[in-house]
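Only one chain comes next, encoded as structure tokens, the form predicted alone.
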């Protein structure tokens, strides 16, 4: 186990390094230029102004030198750079936006697992019944309709026919719990419902396979209660693929916050990244890539290690 975890940690560091390096070069080849973005309202632009801005932003060297200086600042001083727009350390902007996104992702992830496992279990226990058909129809709908379409429709329906919209801006849970719940309720359900569709189908197929196993028939022959058989024996083994997928779903939820946070005007990491991309704020985008890659690799490691508890047959 220790060797497995150590190996995964080494691979995690390599993955974060690869992602950060790839994003470093990708943001420099997309259309647009950070220098001209800084000077877009300056009117007539002279070559001297361009050189001055490049020097101030650290873009006067070639890309490899910039990459080396960036990694040197991170490894030696913990300095991820200065935002081109706010002229403040990018870590400050990341720290300010993390609570918004973390709360949204946790709510959505919880809803996703709860809905997916609950509905998938009911569907598997009542196969080829109207309940099963309805659950499968809902899962197909959740997989087919993009989140931004659902979000737009929800906002239009709520505003036009009900006259209500979630609060604009960010309200901390401890400062104003009711406003915080109202703000997160719809976005979290929206993201959680889309992700739960996959959990529903996987839970259903895995549980159907497990309940046909010999040890389940043996448990029934011994007279164990059906609820005990399903919860203690069948469901525990059937959930292994669901929790394996949970790490990937976390990545999808974090990526989905860009759209959802923008639509619902939530100042989280997704909105912060989008603003950085639009402004060609390279340090913001690069730091966000490191943050997301680190979270993903750690989450996947936790899920892989947890599989041993769910299924003792797993070997590392």
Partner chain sequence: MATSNTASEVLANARPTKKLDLWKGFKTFARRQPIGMICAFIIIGVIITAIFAPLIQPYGETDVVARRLEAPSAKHLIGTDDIGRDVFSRTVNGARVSLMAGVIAVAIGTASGAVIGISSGYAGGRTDLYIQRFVDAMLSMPSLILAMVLVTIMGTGLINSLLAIGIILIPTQSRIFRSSTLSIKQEMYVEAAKAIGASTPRILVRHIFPQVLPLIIIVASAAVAVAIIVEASLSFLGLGVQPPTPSWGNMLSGPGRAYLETAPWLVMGPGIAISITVLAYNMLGDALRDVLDPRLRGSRR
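Positions refer to the first chain, counted from 1. Predicted, not measured: the structure shown is a model, and the values here were computed from it.
Below: the form predicted together with its partner chain, not depicted.
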*Could you check which residue among 183, 121, 198, 97 gets a heavy atom within 4.5 Å of its partner chain in the model of the complex?*
198
*asked:* Counting any non-hydrogen atom inside 4.5 Å, which residue from 141, 134, 71, 114 sits next to its partner chain in the model of the complex?
replied: 141
*Can you pick the stretch from 71-79, 230-238, 106-114, 156-164 whose heavy atoms fall within 4.5 Å of its partner chain in the model of the complex?*
156-164
*Is the gap between residue 205 and its partner chain in the model of the complex 4.5 Å or less for some heavy atom pair?*
yes
*asked:* How about residue 63 - does it come within 4.5 Å of its partner chain in the model of the complex, if we only consider non-hydrogen atoms?
replied: no
*Considering only heavy atoms, tell me if residue 278 and its partner chain come within 4.5 Å of each other in the model of the complex.*
yes
_Can you tell me whether residue 26 touches its partner chain? I mean in the model of the complex, with a 4.5 angstroms heavy atom cut-off._
yes
*Within 242-267, which residues come within 4.5 Å of its partner chain in the model of the complex, counting heavy atoms only?*
252, 255, 258, 259, 262, 263
